[in-house]
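Encoded as structure tokens, the following chain is the form predicted on its own, with no partner shown.
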């Protein structure tokens, strides 16, 4: 191929400006010494990160109790979602790649459906189903089943319903390239099925499992549509930020957005390194 033309360079420049200009504006105005997250620029400050509220009447991100609580709620959801996605995704990968059974193709296609169903519809469906189950079981056993009501456990279940598909696809792609002769060699040397799985197969899958876990964590952390329908009294960070925007935006939201961008970039870089190792 020849050297890039001027029009091609202009297109690439416009593409990256379109991607990163809004993020750059948010990052810049997180340091603006103003009560509003918009121009004009009134000077540099770190109050929106670590301030105690004495200057602008509102504390910075690191001292905002409700915002930190919402951040903790997001972590409390993302960790079990990532762990369950990796565990169940690995099991699904072995099921789809190592076994033949009637309806396998249909089952594999059905697994993709949650990815194309709108998150709001998915959340409403899960909420309606869990509420009916909870009402029926409570009438039957006369017990409170709070984990089936809106709250973090239901958010975990709702997010897992579609994030699990991503984890399954990532791990299945790695397992499909595995040379089963390595397992046969381990068996010939006296290793049993479980030892072969633990010492040969799973170490090969480890990069894909780590990558799937990182992707699941990020997808859970940023999910809004499904989470909004299923959330209870502990709003995760995206839902909390949405509520704050409705009350009136402040540079504190720009500050937490910048923190999240840096954290996401770090996790994405780690995922890229893990993926390169897997290849």
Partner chain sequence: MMRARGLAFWLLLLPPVLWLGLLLIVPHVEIAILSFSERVGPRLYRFGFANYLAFLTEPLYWRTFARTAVMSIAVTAITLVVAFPVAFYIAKAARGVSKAVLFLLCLLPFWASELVRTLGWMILLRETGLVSALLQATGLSAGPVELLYNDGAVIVGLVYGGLLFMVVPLVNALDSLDFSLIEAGFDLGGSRIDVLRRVVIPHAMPGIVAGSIVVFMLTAGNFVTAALLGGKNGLWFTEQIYAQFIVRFNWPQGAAFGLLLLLLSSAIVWIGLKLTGQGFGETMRRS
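Residue numbers count along the first chain shown, from 1. No experiment lies behind these values; they were computed from the predicted model shown. Superpose the two forms; the largest set of C-alphas matching within 1.5 Å is the rigid core.
Quick note: we don't show the form predicted in complex with the partner chain, though the next part is all about it.
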**Request:** Check, residue by residue, if 50, 58 and 78 all come within 4.5 Å of the partner chain in the model of the complex, counting heavy atoms only.
**Result:** no
**Asked** Going by a heavy atom distance of 4.5 Å, is residue 72 a contact of the partner chain in the model of the complex?
**Response** no
**Message:** Can you tell me if residue 142 lies within 4.5 angstroms of the partner chain in the model of the complex, counting non-hydrogen atoms only?
**Reply:** no
**Asked** Does at least one non-hydrogen atom of residue 238 fall within 4.5 angstroms of the partner chain in the model of the complex?
**Response** yes
**Request:** Report whether the minimum heavy atom distance between residue 31 and the partner chain in the model of the complex is within 4.5 Å.
**Result:** no
**Asked** If you look in the model of the complex, which residues in 104-133 sit within 4.5 Å of the partner chain (heavy atoms)?
**Response** 107, 109, 110, 111, 112, 113, 114, 115, 116, 117, 118, 120, 121, 122, 124, 125, 126, 127, 128, 129, 131, 132
**Asked** Has the Cα of residue 10 moved 2 Å or more between the shown form and the other one, judged after a core fit?
**Response** yes
